[in-house]
Structure formats: structure tokens, C-alpha cells
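Consider the single chain below, provided in C-alpha cells and representing the form predicted on its own.
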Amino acid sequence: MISIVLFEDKANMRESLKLLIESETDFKLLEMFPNCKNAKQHILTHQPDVVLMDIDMPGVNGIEGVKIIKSVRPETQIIMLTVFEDDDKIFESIKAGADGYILKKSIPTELLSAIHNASVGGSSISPGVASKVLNAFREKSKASNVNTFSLSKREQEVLELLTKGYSYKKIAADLFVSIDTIGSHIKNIYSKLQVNSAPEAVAKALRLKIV
């Protein structure tokens, strides 16, 4: 039997989810709550296998709720159940410790499958969200690497064009600056990346995912 606790502020959605969960003979809905105000106490009392967590709730939101639950009972699997496809909310939820991210508009069988997956330590993410998660992590990783070398925005642009095989003249034309200016940017790039040539700079940029 898979035990479940639901956090959802909208009464009609709580009732719909209750009916869906209770339609499965191996699911047991322990309790439903309209917010995460007392999430710590609720989780310690009920000790559910799976939590269905809305994001946009008054007071303590779902992302904070995930942090609270994972801090007191990390083995509880948490599925974010939300209307949001916003990149920041997705990324913040996963960083907080969410084990899955399902859109409320998903078909019921997708949610039921997600609960089953979560109960055995698996992760479920709606297809439309999966690509956003990947892109978010890529962008965060890219930003982190760029910051490591302290490249300016213009230097990053020049380096990206170098990786595309552009000549100094072509880069200058695309960025509407002089070739001398591009030469100056490239010298700075070499210095910051600690390389001595364009091929070295391109190889390092690609290897470390700077561009």
C-alpha cells in the first residue's frame, strides 16, 4: 500500500485528486492540507511514502514545503503538482529536493504512474517540463563556467563566434566593431582562459561548456 499526503490550497482540486487517488486499490490517501504551514508536524505524524505538492499556496509555498519535508523525512518522495511551466519554479523545486514535476493538465494516468514511480524511488517529469529542466541546468552550468573565468558579455559573444569558425573580420562585422577591438577582446579571452591561440580557446570553451 502506497501512503500519500496531499498539499493543495484549492478545495475542488483536492476533491478531484482524492477521487483519483482512491480509485487505485494500492493507494491510501492519509490526509489533505490546504497549505504547508505545519508541514513538518504533518509529515512526522503521517510519515507518507509520497507527497503531492502544489507550488502556489498562500503563506508557506510548495517549494519551501519541499525543503521542510526533506529536512525531516528525506525518504518521502515529493511530486510537484502544478500549473506552472515557469523555468525558475521548475529549477527551484528540483534544487529544493522535489522528486518529480507533473503538470495539473496532465492526464490522470500520468499522475497515477508518477506516484507508482515515486514510491519505488523513481522520478517522473511531464514531457513538456523535461526539456525546460535540461535547458535550465545547461544555462546554470554555462553561467557558472563563464563566471569562473570572469568573461564579459562581449568576450563571451566573441568566444562563441570563434567556436563557430568565424574570422576576426567576420566577428567584427557581426558585432559592428573594428578588427582592432576584436583583437583586444581576444587577447583578454586568451589571458582569462590561460591559452595562447584561437584553437586552444575554442577547445577549452567547448570542453568546459563555456559557450
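From 1 onward, residues are counted along the sequence shown. Each form is matched to the other, and the largest set of C-alpha atoms that superpose within 1.5 Å is called the rigid core. The model shown is predicted, which means the values in this text are computed figures rather than measured ones.
As for the form predicted in complex with the DNA, it is not shown, yet the points below apply to it.
- Against the DNA in the model of the complex, the set Asn38, His42 and Met57 makes no contact: no member has a heavy atom within 4.5 Å.
- The stretch among 63-71, 23-31, 48-56, 172-180 whose residues place heavy atoms within 4.5 Å of the DNA in the model of the complex is 172-180.
- Contact check for Ile186: a non-hydrogen atom falls within 4.5 Å of the DNA in the model of the complex.
- Within 4.5 Å of some heavy atom of the DNA in the model of the complex lies at least one heavy atom of Ala198.
- Among heavy atoms of Arg154, some come within 4.5 Å of the DNA in the model of the complex.
- Superposed on the core, the two forms differ at Ala201: its CA moves 2 Å or more between this form and the one not shown.
- When two forms of a protein are overlaid on their rigid core, residues whose CA moves 2 Å or more are considered shifted, and Tyr166 is one of them between this form and the one not shown.
- Core-superposed comparison between this form and the one not shown: the CA of Arg154 exceeds or equals a 2 Å shift.
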